[in-house]
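Only one chain is given next, in C-alpha cells, and it is the form predicted on its own.
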Amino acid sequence: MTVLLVVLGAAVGAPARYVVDKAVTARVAAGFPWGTLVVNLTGCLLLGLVSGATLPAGAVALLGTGFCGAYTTYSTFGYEAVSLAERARRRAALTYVLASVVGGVALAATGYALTS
C-alpha cells in the first residue's frame, strides 16, 4: 500500500513541477533558473510542513516521499548551477546555489516549526 501512495504522490508531483516551472519562467527574464528555484523552495516548505505535522504514515508517504520527491529536483538544480558556471556566470551560479541551499533549509525549518 505504501508503494502505491508514493506512486500516486509522484504522479501528481512531477506534473506540478512542470506546470509551476513553466508558469514562473514565462513571467521572468531568461538566463536564471527561476522556475527550478521556486519549485525547490516551495517543495522544501511543503516537506517541512509535512514533516512537522502529526500525520499518518500513509499521508507522509503520499505527500512527503511521493509528491515532494517528484516535485523537487536536485538533479536539475545541479545541472543548472554547473551550466551557469560554465557560461562564465559564476556570480549567478553562486547566488543560485546559496539561494537554493540556504533558502531551502530555512523554508523547511519554517514549515516544520509551523506544524510541530
Partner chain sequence: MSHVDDPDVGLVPEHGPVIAVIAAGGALGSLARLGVSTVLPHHGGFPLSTFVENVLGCFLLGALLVVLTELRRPHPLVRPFLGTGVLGGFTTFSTYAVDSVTRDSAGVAVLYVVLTLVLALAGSWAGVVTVRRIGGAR
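Residue numbers count along the first chain shown, from 1. A quick note: this is a predicted structure, and the numbers were derived from the prediction, not measured.
The form predicted together with the partner chain is left out here; the points below concern that form.
Enquirer: Can you tell me whether P56 touches the partner chain? I mean in the predicted bound form, with a 4.5 angstroms heavy atom cut-off.
Expert: Output for P56 is no: heavy atoms all beyond 4.5 Å of the partner chain.
Enquirer: Any of the heavy atoms of A14 lying within 4.5 Å of the partner chain in the predicted bound form?
Expert: The answer is yes: A14 has a heavy atom within 4.5 Å of the partner chain.
Enquirer: Whether L114 contacts the partner chain in the predicted bound form should be assessed with a 4.5 Å heavy atom distance threshold; does it?
Expert: Flag for L114 set to no.
Enquirer: Does any heavy atom of G31 come within 4.5 Å of a heavy atom of the partner chain in the predicted bound form?
Expert: Although the partner chain is absent here, G31 would stay clear of it in the predicted bound form, with no heavy atoms inside 4.5 Å.
Enquirer: Looking at the partner chain in the predicted bound form, which residues in 77 to 116 have at least one heavy atom within 4.5 Å of it?
Expert: Stretch hits, in order: F77, G78, Y79, A81, V82, E86, V97, S100, V101, G104, V105, A108, A109, Y112.
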